[in-house]
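A single chain, nothing else alongside it, follows as structure tokens in the form predicted on its own.
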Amino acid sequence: MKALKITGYGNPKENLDMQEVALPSIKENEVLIKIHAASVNPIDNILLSGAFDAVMPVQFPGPIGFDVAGTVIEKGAAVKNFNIGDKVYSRLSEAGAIAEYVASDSAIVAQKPTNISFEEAAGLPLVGLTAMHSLKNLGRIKAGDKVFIQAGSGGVGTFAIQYAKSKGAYVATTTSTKNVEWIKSLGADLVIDYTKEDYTKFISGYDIVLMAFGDEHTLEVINSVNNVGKLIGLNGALDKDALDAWGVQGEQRAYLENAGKHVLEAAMEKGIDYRFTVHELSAAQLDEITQLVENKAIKPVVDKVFGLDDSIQALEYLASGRAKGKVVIQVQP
């Protein structure tokens, strides 16, 4: 079967290669999925760059891609909750979504929403789990909360806006001029054009602030706003819970603790509860996403679909920062 492989740290064009590899074998608790679609996420390019080597090192040649949607074609003896032919989706525990087949623990696989395509479903798992963990588990979102979501036109942003609105929150977000009206159509109450206005002037007094970018932007918010409840990072400084979740120890932990120390200390001085998001792999939360999609509270946002042989271009396009929503790879129609 075909599978995209990381051959070394660097950029997509020079360090990715489509290879022929053996079909995966499955364990008793796993299902074998014929992949119809996969999606790419910033974490894929981060892993490729080597910037995350301290947390998730790659053994070359290594697989890439975590979001998958497809059909169950084989199941292990212990698998009771799926049948052959089930249409499913998942955020894989290990990379390998940009391939024709993948084996996955059935405990992190869910039935895909019936009212959307495989391509739309493939764009949901990682961003959906990230947004839900950030807003539901860390933010404890409730009706009436004021929520700020940085980068509303990104994959996490487009999902988080809709999810927060489904919970009855007031939602503010940022985007560029050309996307303002489109982001309003997703339900955002306040859309700040970051090319014209300083968004930090608008978000004092918010219950949850979700930051898509790294330390420089997070510090800008910490230093500029007042009376913020929870500040949740998708990038940048790692807190103790994040380091524990990834099992980082020894010199690597000391290095990462020191790298994020200035952000954590600044937040503490302002009385802001800062958390870094490490989303859970959860079939139960995927089932909740399925229900939200089937009830039309969440509409998947897909920017562009590439073919499997154009996977490298898909990752380059994602890295360009121009994507509106998700970038998807159609693997096997």
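The structure displayed is predicted, hence computed values, not measured ones. A residue's number is simply how far along the shown sequence it sits, counting from 1.
Here the subject shifts to the form predicted together with a small molecule, a form of this protein not shown in this document.
Participant: Go through 67-75, 211-219, 98-106, 114-122 and give me the stretch that gets within 4.5 Å of the small molecule in the predicted bound form, heavy atoms only.
Facilitator: Comparing against the small molecule in the predicted bound form, the contact stretch is 211-219.
Participant: Check A266 for me: does it contact the small molecule in the predicted bound form (non-hydrogen atoms, 4.5 angstroms)?
Facilitator: Because no heavy atom of A266 falls inside 4.5 Å of the small molecule in the predicted bound form, the answer is no.
Participant: Test of understanding: in the predicted bound form, would V191 fall inside 4.5 Å of the small molecule by heavy atoms?
Facilitator: Looking in the predicted bound form, residue contacts with the small molecule do not include V191, since no heavy atom lies within 4.5 Å.
Participant: Is it the case that P61, even though its partner is missing from this view, gets within 4.5 Å of the small molecule in the predicted bound form, heavy atoms only?
Facilitator: No, no contact at 4.5 Å.
Participant: Considering only heavy atoms, tell me if K178 and the small molecule come within 4.5 Å of each other in the predicted bound form.
Facilitator: Result yes; K178 sits at the interface with the small molecule in the predicted bound form.
Participant: Any chance all of T174, F276 and A323 sit within 4.5 Å of the small molecule in the predicted bound form, going by non-hydrogen atoms?
Facilitator: The answer is yes; T174, F276 and A323 each reach the small molecule.
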